[in-house]
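Two forms of the same protein chain are encoded below as structure tokens; each is given separately, as structure 1 and structure 2.
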Structure 1
């Protein structure tokens, strides 16, 4: 047969053959409304939440935690309302994960106070003896680097002005360093003295965790 004696034609034909399924299941859906739903109740990440999300990415948390609740009875019982397409409109990349060595986190926001997270991140085993989660105490020893925050938000197109980004960071710092902050004791326990007046990586990742699913929960509460 001629085709099996023509390598370049063979390559072109192979490309066509693999592109059929690709176009139908990947390229065409990109243009469909069902893959890019947006909704007013879902808000983009704030500067501090975004920095927290980037730490989540850096540490590969997605290797053990999923962020998508399936529409199954026991799953909704365990985690809460199942995940909706519009919730992920601002997720670049998506962080659904593929393995649950730890629990799903898509409805984590608001489930525990910040103090719980500070203690848990510092030493999961001190709260749950049998947990196999790595301890992340060192995150509270790292000052949060916000040098690229503006650039990141510009790339992602969240639409915050520079002053707004600064205001978000200042406001969050004011919140966690305030004497009246309800999780202050736990934060002080895990944060070295020199950094207690600063934003740390631990502060940021906890801000991100408290954002997860929060918009959906607020919507449910309004119903």
Structure 2
């Protein structure tokens, strides 16, 4: 007898126990600083990198590429240092991915020059004959829309003032349109003449890819 003879009371008490267990094991850890590490060496995305990240999400790149180097010998040898939690402090949403149709991109930043990315985005098969990645040449034909950049950065809490956002966009535009830009020839090959003085979607996604893992590499270089 006792509690087992009172099914309604048993059900209510079971629900309470499950609820308390869920709160303790799921929701409380979400609010603990130790589960959301932030390091000084990991910097928020700049305005142009954030726009490139949004294009990466829009095109579903995370459906084929992961951004998590697992602590496995083979992956560390291929990609570099394994991923740490604090690297993703400014990622909302996370883009870890699960399908490794293409290579992991978490340490892509700085591995190749911008010129390599312009040519690879235009025609992956021109760089790797057996690549199954589709071409994204049309991105260089689309002027980058920065109409919501300030709002996105405010919502994500990156802490940039309007003047800083403007300065970041102006500086990156000046960089890729400068005659001395070291990847100018490759950019001009893929960018229509009418847009060579503007920021394009391809400029933005390349800026984002050059950010991936860059902070970690700079930290390791200082050791």
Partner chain sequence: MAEHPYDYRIVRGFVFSALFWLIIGLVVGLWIAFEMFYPALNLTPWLSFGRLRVVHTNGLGLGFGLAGIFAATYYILQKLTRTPLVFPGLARLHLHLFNIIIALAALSLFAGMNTTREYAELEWPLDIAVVAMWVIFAVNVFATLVKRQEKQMYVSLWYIIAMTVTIAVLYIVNNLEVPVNLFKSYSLYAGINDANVQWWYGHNIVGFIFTVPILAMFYYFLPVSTGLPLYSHRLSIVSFWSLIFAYLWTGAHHLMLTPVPEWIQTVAIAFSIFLIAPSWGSVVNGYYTLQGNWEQMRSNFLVKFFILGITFYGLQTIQGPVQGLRTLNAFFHYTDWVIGHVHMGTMGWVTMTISASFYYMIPRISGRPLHSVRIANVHFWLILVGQLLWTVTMWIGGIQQGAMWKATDADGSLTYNFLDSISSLYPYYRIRFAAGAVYFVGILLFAWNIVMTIKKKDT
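Source: prediction; values computed, not measured. Numbering follows the first chain given and starts at 1. C-alpha atoms forming the largest set that superposes within 1.5 Å between two forms make up the rigid core.
Of the two forms shown, the one predicted on its own is structure 2, not structure 1. After superposing on the rigid core, the C-alpha of residue 23 is displaced by 3.6 Å between structure 1 and structure 2.
Relative to the superposed core, residue 12 moves its CA by 7.3 Å between structure 1 and structure 2.
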